[in-house]
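First, one chain by itself: the form predicted on its own, in structure tokens.
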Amino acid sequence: MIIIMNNLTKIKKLKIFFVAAEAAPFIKIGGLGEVMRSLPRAMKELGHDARLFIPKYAKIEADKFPMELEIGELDIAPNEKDPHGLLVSNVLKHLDKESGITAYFLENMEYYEKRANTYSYGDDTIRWVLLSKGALEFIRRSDWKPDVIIASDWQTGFIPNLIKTEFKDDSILSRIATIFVIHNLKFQGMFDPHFVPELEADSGQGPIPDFNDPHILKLNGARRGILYADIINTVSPTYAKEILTPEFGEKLEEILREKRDALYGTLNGIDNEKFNPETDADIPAHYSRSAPAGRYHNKIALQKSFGLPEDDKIFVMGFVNRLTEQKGVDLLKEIAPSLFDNLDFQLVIVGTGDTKYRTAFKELQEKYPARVADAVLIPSRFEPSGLVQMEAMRYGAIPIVRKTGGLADTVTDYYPGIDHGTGFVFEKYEPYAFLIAIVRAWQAYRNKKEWTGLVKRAMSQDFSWKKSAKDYVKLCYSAINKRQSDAPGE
């Protein structure tokens, strides 16, 4: 039931449909998977009917997540040539008893179940257009009709596009509001946007080609999501401002500036129940903000597991992230010799990524639990939101970060003697700015009283999903209002 109050749309119980390429606990490759686990649950706890739609990958454990057929023989492209029925799919359903979330899975043998990996196939664009069209066809045949679809990243940017074009006259789909969420604007399709000739770039204005048309592989899902969505959201307020500039806009800054009235930035959160130093089964010793001394037992365990000298007084820094240029690995690589020549500390680096970085740092064999180190390094060139710094602070690991994106929104710079700050922040993306921030942290660590206060302030920060979920509900209301205003005759 929709009620108009003071020109604002209020819905007692929203029906929200999340469509994404991955979602934990079913399948998780990166931060998107964790967001798709936590955000729908948080909105469900606020009283809304939040549901999820992802592909049914072969890696999803059937025994752990039993499914039942919801809709069979879903003909996703009835007007296209498909003699072997490769596009015909099923929709399965799983009800998570703990969270109450209903998850739907698009079952397709050719494009999902035969694939060993989630991403990185030459026909990925076809797979994601299939997911987008499958979600919409599912809605048309289902008894459950959402008020809002929240589509994440370029893989599902085709959903707002389809609703406003191919299905603009559909009595059901044309009424549904859309929110397109940009988790990382660098990824827009099966190409690097910086190396696409202007004449070959997808303007987003034309129709989505048939599945057997080779031009489908050149589609820019991010551009199309931005152009057609009712609301565009990014994963932090600062990143929402940054992507309006050439430095961060990835060649889409002009379009984003044109749509800035519909552009928002909502910070991601973390699961406080999962990441809880008082109950976490993955750490040897439990501790709390009021009694943080126990974390040093975990420090000894960390040193032991990596063959480092066991010393609870030495400063330990950790880098836990993808070994890519985005994450600022170049900065760490350049200053590491100077740090080791002049400071007494231990450094643990864990991550997968570019071979040149893995070779330089001699990649470690075991996964490093970042949350038990003294400090965690996040010198990112850009960081839309970032979860590592929030998880680290939850466990009292102090972040050393560059002032960009979600890092700028979550970490405040430390000032000695005045009980201020939750980490160490530097602005310019250059080695010596990063080096100075590390030296400041190393010096602060030597003052036990100051460091203990810093740890307690960091652990006091509230990055739970509850606030973020409330902000997303407001976005849903805005999207519905906009959808109604764009269709006055309805």
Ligand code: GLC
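Because the structure is a prediction, the values reported are computed rather than measured. Heads up: residue numbers just count along the shown sequence, starting at 1.
FYI, the form predicted in complex with ligand GLC isn't displayed, but the following is about it.
For a residue to qualify, one of its non-hydrogen atoms must sit within 4.5 Å of ligand GLC in the predicted bound form; none of H48, I270 and K466 qualifies. Proximity to ligand GLC in the predicted bound form, defined as a heavy atom within 4.5 Å, holds among L87, L244, I126, L387 only for L387. Listed residues I54, A42, V35, A437 were compared with ligand GLC in the predicted bound form; V35 is the one with a heavy atom within 4.5 Å. Stretch 177 to 185 is the answer when you ask which of 270 to 278, 286 to 294, 177 to 185, 215 to 223 has residues with heavy atoms within 4.5 Å of ligand GLC in the predicted bound form.
Using a 4.5 angstroms threshold between heavy atoms, R322 counts as touching ligand GLC in the predicted bound form.
In the predicted bound form, ligand GLC lies within 4.5 Å of some heavy atom of G31. A residue is said to contact a partner when one of its heavy atoms sits within 4.5 Å of a partner heavy atom; M317 fails this definition for ligand GLC in the predicted bound form, lying far away. Interface membership of Q326, defined by any non-hydrogen atom within 4.5 Å of ligand GLC in the predicted bound form, is confirmed. Looking at 222 to 240, the one residue that comes within 4.5 Å of ligand GLC in the predicted bound form, counting any heavy atom, is V235.
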